[in-house]
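Coming up is one lone chain in structure tokens, specifically the form predicted alone.
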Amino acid sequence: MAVALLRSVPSSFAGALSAVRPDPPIDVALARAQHDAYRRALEACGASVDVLEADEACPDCVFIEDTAVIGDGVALIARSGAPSRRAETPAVAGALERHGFRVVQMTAPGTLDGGDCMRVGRSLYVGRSPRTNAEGIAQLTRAFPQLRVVPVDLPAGVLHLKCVCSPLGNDRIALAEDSIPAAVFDAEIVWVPADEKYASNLVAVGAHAVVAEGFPRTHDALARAGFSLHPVPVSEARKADGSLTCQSIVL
């Protein structure tokens, strides 16, 4: 059974990072309700969910994916390119140790966000982004010597690699049209329409997928690919430049 590690929404979430100040502002109560719907959807996919307490000093801590990259019993604890997010990692490192991972700490001057990393088979794709630098990619490569680490150039204005793609298992990915060339990936592509790019970020668990509400053509494409869909609301996470994969680490 898959295990999904989540972190609760803090009251300080209204001050989370965002490229554009949200208008209307983040509604924390609604964000918590949407996070609970996300948790229930993961459980409906067959995952066991472990939810860590929020840290009020870390407004973005619900976006737990960015804090670590896991694989083959190793957890690389990331050092975010956003300095305000670096205090999020100790609680996550402790949780991953409890789940049996050997923890490796990233060090300065390396920076990396987990949202820039996508595992497909024995390949680990990593976006070159404002949050992930060359030294971070080098440390990622050393932490996972058994994997083929593939740096990926991101389109302008894309925060993380997984803003335009996500893994589907069985060497398949969802990829937004007009974003990254398909030839970059050694994978079968399930295409997401360019005007539904946001929906390319989803969480696949076996033959199930947690998807953002309101993207019918993407839902149709995923259903044709054999997935049972679990749509969830994401309006408040989206105000903080977040989506679905960033709210969990699937172990």
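Numbers follow the displayed sequence, beginning with 1. All values derive from a computational prediction rather than experimental measurement.
Below, we refer to the form predicted together with ligand CIR, which is not included among the displayed structures.
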Handout entry: Interface membership of Ala14, ligand CIR in the predicted bound form, 4.5 Å heavy atom rule
Key = no
Exercise for the section: Spell out, yes or no, whether the shortest heavy atom distance between Gly115 and ligand CIR in the predicted bound form is within 4.5 Å. Expected result: yes
Problem - in the predicted bound form, Val234 touching ligand CIR (heavy atom, 4.5 Å) - result: no
Exercise for the section: Tell me, yes or no, whether Val9 is in contact with ligand CIR in the predicted bound form, where a contact means a heavy atom of each within 4.5 Å. Expected result: no
Exercise for the section: Would you mind picking out the stretch of 37-45, 61-69, 181-189, 207-215 that comes within 4.5 angstroms of ligand CIR in the predicted bound form, counting non-hydrogen atoms? Expected result: 61-69
Problem - Residues in 226-251 with any heavy atom within 4.5 Å of ligand CIR in the predicted bound form - result: Ala240, Asp241, Gly242, Ser243, Cys246
